[in-house]
Each structure stands twice: as C-alpha cells, then as structure tokens.
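Listed next as structure tokens is one chain, alone, in the form predicted alone.
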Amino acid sequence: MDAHELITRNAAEVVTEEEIEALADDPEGKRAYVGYEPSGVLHIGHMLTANKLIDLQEAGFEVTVLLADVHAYLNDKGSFEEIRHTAERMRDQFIAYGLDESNTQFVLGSDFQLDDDYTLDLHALELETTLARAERAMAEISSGDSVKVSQAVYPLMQALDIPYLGVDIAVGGMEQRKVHMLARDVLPSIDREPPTSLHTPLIADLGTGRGKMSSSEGVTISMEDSREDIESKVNDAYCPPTADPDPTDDGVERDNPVLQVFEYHVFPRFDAVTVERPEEYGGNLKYDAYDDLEADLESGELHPADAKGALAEYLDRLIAPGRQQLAE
C-alpha cells in the first residue's frame, strides 16, 4: 500500500480529502495523535484507533498518544493520583498491542494543560464559543441529566490540545467528529490552523448488532479477557449470514459486528486469515482479503459458527501480549 492507502484504510471519514492527499505526498516527519481518558484496560474501541495509528506509523508518521488525565479529572474519573497510575498502565498496553515504541510519544495532559499560555488560550476560546455550540460537541461525554460546567470546557480543551501538541492529523472515532468540527471552527479565532482529522468507524454492539459497542454497557472485549472469555463472547455474538442484516421489528438499524471486527481489527493486522474446519465440512478456508470472507459468508460457503471460531482465535492473538503485560 502507498501512504494514502495506509492513511485512509478503513477510515469512515477524512476532513478534508485535499489535506490528507497533501500529507500523504510527504508523510515523513508528520505527526498524528489520538487522545484517551485513562480508563485502566484497553478495550476494542481503543484498539480500533490504535490500529489506525499503526497504519500511520507504517506510512511514515510519528504518533502522539495523549493520556488525558485532566480530561478524566473533569469527567469525574477519580483523583489525579489514581488517574495517572491508570495512564501508566495504558501506556504499557498500547506498546504491547503493537505501537512502535521508538516512534510513539506518550504525553499526559497535565504536562501542558495547566500552563499559563494554554489557560489563556482556553479562555480566549471560551469567549468565542456559545454554550449551545459547546453542548453539541460535548454530547458524547456528558452523562446524567445535569450538565456540569466542566463538560462544556472539555471539548474546548480537546480542540486546543491539537495545536499545543503540534500534530498534523487528529484521529478519533466518529463520536469525536463534533469535537474536531468545533476545533476547525474556533481555532482560527486564536490564529491557530484548523486540524485535519480522520475518523474511524463505530462497531455495533457485539450481542445485538445495534448501536455501538461500549465498555460501559452491553458486551465488549478487552485486554483483561482470557481466551475462554473471548471465545464465549464471540460465540454469543450477533452474526447473521450477511453484512447487511435487516432492521429490528422496531426499525432499528443493525450491522454484523463479527464481520466488522474482522474488517477493522483482524485483516489490518494479519496478512491472511485461516478459518479451520474439519475435512468433512470442506476443510480449511484461507482468506487474503476481508471482501472474500464476507462474500463466502453471504454465499453460505462460510458458516457463521466457523467465522466466529476464527475470529476468537485471531482476537486472542492480538490481545495476548497486552493480557500478559497486565499479568506482569
């Protein structure tokens, strides 16, 4: 793959395509970043954006991972001491998962977000942003019926982090799109360049195929899971023999999360995928590309149960180094 293909592989959206093309023409020395609230254990959502960071490193980018301890504090995730301990654990898990340690910079938000210049720029953005605009951007992180002032400041800090980290691409899931669009709107008001952004898809809930997979509700997969845990969760996953299942009786759209995990997690990290089957059922199937696996599921050549067995195997291979790191 060339640099542009690596940058955009499995991206749900880039903003803007012209900016991405310019970066792809000369990626060496360019820097991409993603920010995470320290939450203890990497789950499949973290791994999705980490896969994109690995793609970007392969394309020639340097990577910054913001372990957003101040954001976590504003979101009531514990004391600074607890949050920073959690951040250290997450750093080690990202390296175990496959980020190139020599080409990855880990930064705590408190390393720069408490400085005078940052604080004054944050106040300048507050003067330029209506509460309604901030509320739209913070919708993904607010909880409960009562909106706190800290939750209105949170997305403005996310926007300001981008120029302070000196990055060329901001990476996040589609739930971060509103924040990145806010950044493009407000950063020019303090003479900062609007960021180029890249958004990864959202994976449907593993058990139902609806909505998005979440670590706080429904079924998710994390680095704490044993091989048996992974097998159990994948075996129970929603996997109709199609990539485009019918909506529910209530009209709620559904996706096939098993196929999504194959597409966004497995195939980017393995050159080929082998589905093991007894000879009496046709023997093993080998796939060099995701589209071929999807086509066989649609045609009936690949049974959902066999697809699940292979998915559990490859997910376990991805997660095993992080699980070992946690055990140590």
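Note that the structure is predicted; figures quoted are calculated from it, not measured. One rule holds for the numbers: they count along the sequence shown, beginning at 1.
The following text describes the form predicted in complex with a small molecule, which does not appear among the structures shown.
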Would you classify Leu56 as touching the small molecule in the model of the complex, given a 4.5 Å non-hydrogen atom cut-off?
no
Would you check, heavy atoms only and a 4.5 Å threshold, whether Tyr36 touches the small molecule in the model of the complex?
yes
Verify the contact flag for Tyr154: yes if a non-hydrogen atom of it lies within 4.5 Å of a non-hydrogen atom of the small molecule in the model of the complex, no if not.
yes
4.5 Å heavy atom contact, Ala68 and the small molecule in the model of the complex
yes
In the model of the complex, the residue from Asn256, Gln158, Gln93, Thr196 with a non-hydrogen atom within 4.5 Å of the small molecule is Gln158
Using a 4.5 Å heavy atom cut-off, which of 198-206, 119-127, 68-76, 228-236 contacts the small molecule in the model of the complex?
68-76
